[in-house]
Ligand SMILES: Cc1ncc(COP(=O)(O)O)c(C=O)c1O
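Only one chain is included here, represented as structure tokens and corresponding to the form predicted on its own.
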Amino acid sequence: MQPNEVMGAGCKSCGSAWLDASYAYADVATVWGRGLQHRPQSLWRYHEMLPVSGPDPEISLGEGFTPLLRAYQLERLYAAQGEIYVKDERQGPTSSFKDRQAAVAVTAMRKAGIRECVLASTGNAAAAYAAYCARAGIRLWLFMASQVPAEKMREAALYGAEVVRVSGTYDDTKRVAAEFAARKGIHFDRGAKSIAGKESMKTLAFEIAEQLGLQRSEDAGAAAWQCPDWYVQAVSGGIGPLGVWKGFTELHQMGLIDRLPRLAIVQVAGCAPMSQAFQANKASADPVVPTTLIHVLATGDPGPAYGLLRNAVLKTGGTMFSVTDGEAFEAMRRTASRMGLSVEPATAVAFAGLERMFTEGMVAPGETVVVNCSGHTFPAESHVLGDQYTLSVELGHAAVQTGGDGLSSAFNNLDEQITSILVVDDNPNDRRLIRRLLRAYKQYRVIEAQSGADALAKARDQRPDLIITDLTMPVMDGFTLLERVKGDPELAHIPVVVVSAKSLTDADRALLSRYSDSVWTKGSFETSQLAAHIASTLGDSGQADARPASTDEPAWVLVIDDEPRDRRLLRRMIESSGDYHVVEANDSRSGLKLAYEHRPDLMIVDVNLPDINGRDLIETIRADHLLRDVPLMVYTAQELTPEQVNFLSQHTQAILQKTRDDKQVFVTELRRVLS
């Protein structure tokens, strides 16, 4: 293709904004069928199927041909009967799969004589284009939504890009960028609608098929292209899977693979127009206003990309679904701690989706799954790790100099912190009471699960030192959980303490005597007794009474309000009402970050917030499995309509008016909700 055709803004014949490229497939099949092992290990080894004839040595950074890693750890975690592979795009020049798009697009720009470009981005494409444009001598105007983390903006600016921060959503940013480009007469990169964008992503499919074939072939020099059964990717605008699907389709057309993969398109629940439309069996996706903290995936209007992806998904029986921010952050930690892969939150969405696919039985025994590990983590935000990611050893001067009791005390303290207890109960109030009880006596690390199935997954993942479980829970009850734990050789050694209100039959008692270390009836014991028993079971006999039996961990209260005066007033009222820790946020996104970090016992929110309105914030909280059980109070000056009152009554524990309810009413409600 001619450079000007590659960079064209639309079809000259029909006027369509979506352009595509075709190739001499029969000729390419003959060459590729003999194998490409002697070609350079970059995406340019597939140059016959790219719109640009080859790399520009002044621009190329060795992009492409990233590792395809076997995920043995995940296979064991999910008890997979097939193979799981990770396409490690973190190894690209700027640590994301967008390097492919930037390499091909910027090379095509230079060939076309383009010296200035406008791009709208949520983060990864920004860094990639900035780096490649710097090498090509192309001035880059980079428009980014204000919610994009400052680290991403600074990285792009470091490469010399002109960074323009837009106060609005990513879709607003795209419109502003396009208007700016039109007014200035500057080339505007159209992402998934451009030939360079889609064609570059095809190389992911080519590499996966070639690498799978090479790994499984007994003859290292043979050409043995193979197709996975599933390809999994987190999606924002859709350029990645659109290109990957085209790549697999072309390999199939050339006879190099015998089938097409099923696509698993995973979105984040706070911005999931594609998955919502797919689950509703709709042919088009309605735009949404993003509420997710994962800004890289915050494309609220997917446009025609949804229809194309939907057709691809339906063709082979794939799927589209969403996961929450909380599930993604959990997957982010798990991927790092179990596989040694540090991934960005957007990539973690794909890994959270992978877990859902196995837990819900979407993957059949013997099937091969490939996950696009689309990018490396940037400097971690606090909510990703939470408040228990470090351990502390505090040594007094005397302990450092002489050792003895001071040093022994420090190590006892460390022993507590590295001891983890999994608390399993579908009642969030009971979980919260046990958590606060444990932390009042010891500095144990407490993990919570709201069901037997959730607990089993967390037990396998985090290997707690002790499990405290209820018996009556939906889906998988405590008895089944006990049988699964004690039947797993890697978990059977973990002591289990049952705390339940269930009336036990003789058969229940017989099973519990075999599988549990003790059984406690809710409401029939002193908290100090249970704490002492747990400490004794863990080998800390006699130490649980080191703190007074009446000691209780202060409750954490998160206040989300954009009015500084109201936040100060709330803090004073809360702190004067009891032993409470108060943290504050001035908008919804900051509030969500603090909620993930502190896991508060109560959240107090205003209805009028500057970024995400209170109703959308509450819906986001109630949809997230990590936050949905946190009690909510609404404290607002807005006159509420009957419809708003009805909604808030269903999703919150209290509704208070700033202008009507006095301090005593507020304190009474605060204590009631926290009781």
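As the structure is a prediction and not an experimental result, all values here were calculated from the model. The numbering used is simple: start at 1 and walk along the sequence shown.
Beyond the structure shown, there is the form predicted in complex with this ligand, which is absent from this document and is the topic of what follows.
* Which one of these stretches, 290-298, 157-165, 517-525, 173-181, sits within 4.5 Å of this ligand in the model of the complex when only heavy atoms are counted? -> Careful reading of the contacts points to 290-298.
* Asked: Honest question, do G197, T203 and G247 all end up within 4.5 Å of this ligand in the model of the complex by heavy atom distance?
  -> Not one of the three qualifies.
* To do: Examine I239 and determine whether its closest non-hydrogen atom to this ligand in the model of the complex is within 4.5 angstroms.
  => I239 belongs to the contact set for this ligand.
* Find out whether any non-hydrogen atom of T319 is located within 4.5 angstroms of this ligand in the model of the complex, and reply yes or no. => T319: no, not in contact with this ligand in the model of the complex.
* At the 4.5 Å heavy atom threshold, is L481 in contact with this ligand in the model of the complex? -> No - in the model of the complex, heavy atoms of L481 and this ligand never come within 4.5 Å of each other.
* Is there a non-hydrogen atom of S374 within 4.5 angstroms of a non-hydrogen atom of this ligand in the model of the complex? -> Yes - in the model of the complex, heavy atoms of S374 and this ligand come within 4.5 Å of each other.
* Asked: Among S588, T335, N124, T107, which has any heavy atom within 4.5 Å of this ligand in the model of the complex?
  -> Of S588, T335, N124, T107, the residue with a heavy atom within 4.5 Å of this ligand in the model of the complex is N124.
* **Contact set, 306-345 vs this ligand in the model of the complex - heavy atom within 4.5 angstroms** => Sequence-ordered list has one entry, E344.
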